[in-house]
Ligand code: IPD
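Single chain ahead, written as structure tokens, the form predicted alone.
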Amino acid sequence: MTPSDLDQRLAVAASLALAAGGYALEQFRDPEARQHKFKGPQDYLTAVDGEVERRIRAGLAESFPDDAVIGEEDGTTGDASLGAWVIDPIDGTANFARGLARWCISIGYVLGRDAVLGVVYDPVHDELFQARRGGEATLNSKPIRAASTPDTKHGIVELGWNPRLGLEEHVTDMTMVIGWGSAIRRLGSGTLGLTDVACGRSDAYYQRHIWSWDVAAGLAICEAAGAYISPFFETDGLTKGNQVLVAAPGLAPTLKTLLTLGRAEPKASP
């Protein structure tokens, strides 16, 4: 895929994210629209998730009818082995459903074992993150870079968690990170956890198992921003999920230890 092809896809993805984000923000402000159910333990779903994904899929089909699409809500269409859009219509649905302003729209494109472009839009704060392979990462059109934090003793690390893995594993991760001298966070959106690293708001994000739609866009943005990114797609990460680590370069040598600890398979699928 040429730089021109990527630029075209990036522009379309940004336009779709902005439009979908505008709709989602209107719904977020309406408590009735935020009514939710559960797909599984701590796995929230609202009608807005499905509608946002349908709108994005329709826009991608109009511009790139031959492209495969993987979405959190509606699964896979097309041949993803040739490259695929990877969509999370609302990342941070639990926050969205409870009225907390920490959620976003995520649209990435994966080619082979690489996330080659990403768009993340946070409608509440009107923040649009973008990047494509070979280009720079931007926030509202201004360049961003990962932090220059020198080591873990000065770091802020977000640790994602989900009930597919047990309490013991999460406590192990927290104990290690705190032992290395870092402060820890958990803010409820894996995608925004990655973009926080890309723009220097935090120094790392780690989760033992996460789905591709939560990270595809963020990985492309973090890589372009100069952060370390773990090889999420080298196995079956696109379809089965994987562990993920993104980190400011100064913290990566130490935090890579977490990748060795986290190789166990999740206990259940959604």
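Given the structure is predicted, the values throughout are model-derived calculations rather than measurements. Residue numbers run from 1 along the displayed sequence.
Quick note: we don't show the form predicted together with this ligand, though the next part is all about it.
**Request:** May I ask you to choose, among G155, G71, P123, G190, the residue with a heavy atom within 4.5 Å of this ligand in the predicted complex?
**Result:** The residue in contact is G190.
**Contacting member of A224, I210, L238, I56, with respect to this ligand in the predicted complex [4.5 Å, heavy atom]** = Partner contact (heavy atom, 4.5 Å) among the options: I210.
**Item:** this ligand contact in the predicted complex: A198, any heavy atom under 4.5 Å
**Value:** Contact check for A198: no, nothing within 4.5 Å of this ligand in the predicted complex.
**Prompt:** Can you check whether W180 is within 4.5 Å of this ligand in the predicted complex, heavy atom basis?
**Reply:** Residue-level check for W180: no, no contact with this ligand.
**Asked** Can R132 be called a contact residue for this ligand in the predicted complex at 4.5 Å between heavy atoms?
**Response** Result no; R132 lies far from this ligand in the predicted complex.
**Asked** Could you tell me if D203 has a non-hydrogen atom within 4.5 Å of this ligand in the predicted complex?
**Response** Judged by the heavy-atom cut-off of 4.5 Å, D203 is well away from this ligand in the predicted complex.
**Prompt:** Counting only heavy atoms and a 4.5 Å cutoff, which of 85-93, 107-115, 123-131, 137-145 contacts this ligand in the predicted complex?
**Reply:** Stretch with heavy atoms near the partner: 85-93.
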